[in-house]
Ligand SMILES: Cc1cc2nc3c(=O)[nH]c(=O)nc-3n(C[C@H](O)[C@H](O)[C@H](O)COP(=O)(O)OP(=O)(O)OC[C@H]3O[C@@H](n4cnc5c(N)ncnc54)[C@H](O)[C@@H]3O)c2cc1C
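First, one chain by itself in structure tokens, the form predicted on its own.
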Amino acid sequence: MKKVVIIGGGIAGLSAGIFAQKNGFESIILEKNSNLGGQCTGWNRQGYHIDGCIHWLVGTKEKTPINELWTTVGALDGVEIFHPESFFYFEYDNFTVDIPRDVDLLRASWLELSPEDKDEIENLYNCIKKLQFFEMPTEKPTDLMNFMEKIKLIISMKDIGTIMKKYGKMNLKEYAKKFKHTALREVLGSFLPEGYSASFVLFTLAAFTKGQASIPYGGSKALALRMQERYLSLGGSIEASCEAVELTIDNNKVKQVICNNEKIFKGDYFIAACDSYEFYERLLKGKYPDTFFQKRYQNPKDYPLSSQILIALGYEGKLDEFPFSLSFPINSFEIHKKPINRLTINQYNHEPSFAPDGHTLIICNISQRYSDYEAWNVLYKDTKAYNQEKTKIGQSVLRAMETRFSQMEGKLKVLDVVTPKTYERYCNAYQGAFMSFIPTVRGKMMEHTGRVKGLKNIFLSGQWLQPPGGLPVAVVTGKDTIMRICKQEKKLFIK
């Protein structure tokens, strides 16, 4: 029986392990941390459980290909799904813009708010309706498709191609300017971090309004644990608290992995289900460069990465009438000399186990980019200054919340503040990134096979192989990597 050694126990590593076991391989997952799941995780603070990952999970609509894949790996098998009524509420001046799950309601409410934007609202509505038929490809990666399969895929993408041609080269700010009403301009312009193409908003809204982007009850850590249980039930092995630090390479093949605890793992195939920069620069020591990634790492303007500051708050009360997600303006405060004028919060009233009885978990996310990471990198060298900055941010968010919601005054406390350096330390995430390269107007969206030029038996797997990354790409590429190994072994792949 051939052995597969998997470096990294995140969603991609777990997916690869599950399909390795299903296809008759012996496999072992090596994980740096004591818990598996990678960035799909959660942790406990002061009686609360902080969900650190899933805002929206693509794949929550039953009887769709991506949902069936999530079910196969155990992530959504028999799991109840929370479907918020709105993507979020956006407050601007005296207006509140709702993005409801019902796309007909979205059109009606926006037309009522701004009749003068009828043409653009109808345009938005029609694009969303067309894209609702789009399904994320999960059956087979394009490099393993035959000619007819590729033709079939191209035909299925006909409507998508038309929309991409129109909106793929238009950034969010440009798209927002098409609307006359200032509130609609603001909500669309700030829908996602700066740099995203307008097409990404359309895909996001299409997934949400068809019920394909919701939240599994139990949150991120529970999802990863379900995948871990599925993997172990299939006979897989796990070595936790075991970080890969070196690869032994001979005759264009990886022979073994050496870990920080001096354990050595030999195998026939190796899968790097970890950060791509970590893989190429530290494990491969820069000796097997890849132009796909070099081009992106060397051009952060066209291929930006996004990290975040996560501020978790505990609220002494319930928020039954409060929307799941809300964006609102605040009195400005600064982070690294940059003004923060708006906060977006999610409240977890739907997860009573995430908080003590009668209390609610609230999470605020503030986007961070390259210059922010650099500032954090400098600050991190001074532990006292770093912790003071985290405390300052946490208190600034708390005060902004109490100012906006007077009923919360004296009932909030800061549970935790997570920075890009936290993601880097915990997951070896390059620049603290929690997503792959952002789909921008100038950046090219390409699919990578995960193969390493010059090496025969190691593959990269995970969200870095195609934009926009995230958990769906991770679970798909974990499966795809085993499909490629099966082809190399001339074995029939078993789903």
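Start at 1 and count along the sequence shown; that's the residue number. Bear in mind the structure is a predicted one, so any value in this text is a computation, not a measurement.
From this point on, the text means the form predicted in complex with the named molecule, which you will not see here.
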With the partner omitted here, the residue among Pro439, Gly470, Gly450, Gly42 that in the predicted bound form has a heavy atom within 4.5 Å of the named molecule is Gly470
From Lys129, Arg282, His350, Arg399: within 4.5 Å of the named molecule in the predicted bound form by heavy atoms is Arg282
Could you tell me if Leu30 has a non-hydrogen atom within 4.5 Å of the named molecule in the predicted bound form?
yes
Open item on the list: When the contact criterion is heavy atoms within 4.5 Å, does Glu278 count as touching the named molecule in the predicted bound form?
Closed with: yes
- Task: Would you check, heavy atoms only and a 4.5 Å threshold, whether Gln308 touches the named molecule in the predicted bound form?
- Result: yes
Partner proximity in the predicted bound form: His55 to the named molecule, non-hydrogen atom cutoff 4.5 Å: yes
The named molecule in the predicted bound form: contacted by all of Val73, Ile271 and Leu460, heavy atom 4.5 Å
no
Given 238-246, 314-322, 203-211, 285-293, the stretch touching the named molecule in the predicted bound form at heavy atoms within 4.5 Å is 238-246
Contacts from 401-434 to the named molecule in the predicted bound form (any heavy atom within 4.5 Å), listed N to C, are Tyr423, Tyr426, Cys427, Asn428, Phe434
